[in-house]
Structures are given as C-alpha cells and as structure tokens.
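Just the one chain here, laid out as structure tokens, in the form predicted on its own.
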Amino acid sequence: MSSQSDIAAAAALLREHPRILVACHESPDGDALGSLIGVGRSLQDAGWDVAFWAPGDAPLPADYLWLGLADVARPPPADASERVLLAVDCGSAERLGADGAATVAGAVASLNLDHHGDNTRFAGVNLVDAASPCATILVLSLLRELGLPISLEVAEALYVGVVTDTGRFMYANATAESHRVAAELIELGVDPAEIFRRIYEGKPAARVELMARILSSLELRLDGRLAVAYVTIADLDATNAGEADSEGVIDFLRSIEGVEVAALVRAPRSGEGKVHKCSLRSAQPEIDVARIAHVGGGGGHTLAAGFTVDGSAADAVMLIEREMTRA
C-alpha cells in the first residue's frame, strides 16, 4: 500500500524536473488513458513541458479518442532521455512495450504510479497501492499533493478511469473510496450521463458485428466453470473492426450463470505467427485470475488479468484449464 511519504516523494521528483514523459501500458484501457491524460494535462496546465507516450502500433481505442489523444506519441519521443519518465497504470517496464526497459533506464529519473498488486517496482520512485480501485485515484492524490487545480478536462479523464476500472461501479473494487472520488469529480463539473454516452453508446456497426461473431464462438468448459470466446484475424477482417473493438465482450462471458472464469483469446491483427493474447476475468472474488496469468508470463489484478502465449489459441485455453483444475 502506498503511504503519504510515497506520494510526497513522487511530488518532490516532479517539482525538481520541468520536463516529463508520461506513459501508459500498451493496449491501453480507460484507466490507463484517463491517467495519462489526467496527470499530463494537469502538469501541462501548471507549466511543465509534458510529452505523452502510449506504446504499441495498434490504433488507440475509439471509445476514448474524445479525451484528446492527438499528441500522444506511439514510439517514445526522440528526447525521452532528457525527461523524467512517469509511467501510469503499468505493472512492469515490459508493459511499456519493446522500448520500455530501455526508456526507463535511459530517463533522467523514473516514477511508477500504479495499482496492480504484482507491480515490479521498476522505477526510481514507486507510488504503488494495490488497494486503490484504479490508477486515476492515485493520480488525483498526486495532483492534490502538488497543489494543482483540477480542470474539467482533467476531472473527466480521471472519472473515466474510475468508471471503467470498476466496471461501471459493479466490480468488487467499487469501494466507498471510488464512490467518494466519483462524487468529488462530479462536483467539479463532470456529467456522468455524458461520460457514459461517450464511452458506452454510439457504437459503430463494425463493433456490434464483431461482438456477434465473438459471442458465436462461445465455449463452456470445465462443466461450465470456464467461458471462452475467440477473436480471430478473420473476424477483424470480415467486420473491418480493430482489436480494441473487442473490449467489453468479456463481461458478457463473465455474466453467464455458473461461470467462474471468463477468457477472451485474441489473435491481434498486428500479430504474427501463433502469438495470442488472453484476457481473463473472475466472477468469484476467491478465484485469483492474476495467478493464472502469472503462469503464462502475464499479470494483473485478482479479478482481471491477462497474458500472451507464443502458441495457438488451444495452448492458451489448455493453460487456463490446467491452472483452474489445480486451484
């Protein structure tokens, strides 16, 4: 758990350095992008020279483009070594992509702000709190420590992290703290109905068509305890959808009666060979999907995790079944 001294150390580092590179993990979700924009824009508004980096080459999720992502670089900027690296919602340097470890090592200094229980504490200063419902709540604590005002743009970005990482306040991490922070952000001007509309409504037809194809691949395994569905390159091509358009499908799998673990196995459009990504969700608080993901070289939270397998989709499912049987 992070302490006030961790927050103070993080703030002190930023006060000492006027040039910052804010980065999030590859294949970013709402909490990652909300943290990226929330802390980055706030520092920018206060006079810091801020560059933004979201590693990877897949398009950023369309659900969050309204946050203002036009200046978010995909490879690290050329002057990364002249900046302090602030990594948000990122459990390890490897989650920053192929350039991650080198960028961390080459930065002027590094700050790791995260809420994953398996965080590797890879930075010089680590603000990590596994009890925090989402990374944007830690961002808010850091901004308070810095004494920075919270603009409406920043408040909306932070609210996105709270809403998405708590599953619209339906997951076990929808704590009293998450509701208190949400209320504070609403008092700053956030319109919850408008945020929900931007994220969850107005879906392009391609996404709905992709969802239908994914759900048609549903398999119930281990006597219904495991729900698995697949995203293939053929699905993406047939619907003209992107990998990010599969976000949210796994919640349907998780909601099936009797399911303890939901898995979505994806062959990303940009992938090569047999590499598959697997997202996991637990429907039972006592079932730790991060433990399963660790076996596959990945990580995450107790209720939400993922890993990548250099093999077939069947290999990924076999790993999950084996680990669920051992539990």
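All values derive from a computational prediction rather than experimental measurement. Residue numbers run from 1 along the displayed sequence.
The form predicted together with guanosine-5'-monophosphate (5GP) is left out here; the points below concern that form.
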property	result
Any non-hydrogen atom of A305 within 4.5 angstroms of guanosine-5'-monophosphate (5GP) in the model of the complex	yes
P61: touches guanosine-5'-monophosphate (5GP) in the model of the complex, heavy atom cutoff 4.5 angstroms	no
Distance check, P55 to guanosine-5'-monophosphate (5GP) in the model of the complex, heavy atom within 4.5 Å	no
4.5 Å heavy atom contact, R207 to guanosine-5'-monophosphate (5GP) in the model of the complex	no
Contact test, all of R19, P77 and R83, partner guanosine-5'-monophosphate (5GP) in the model of the complex, heavy atom 4.5 Å	no
Residues of 119-141 having any heavy atom within 4.5 Å of guanosine-5'-monophosphate (5GP) in the model of the complex, listed in sequence order	none
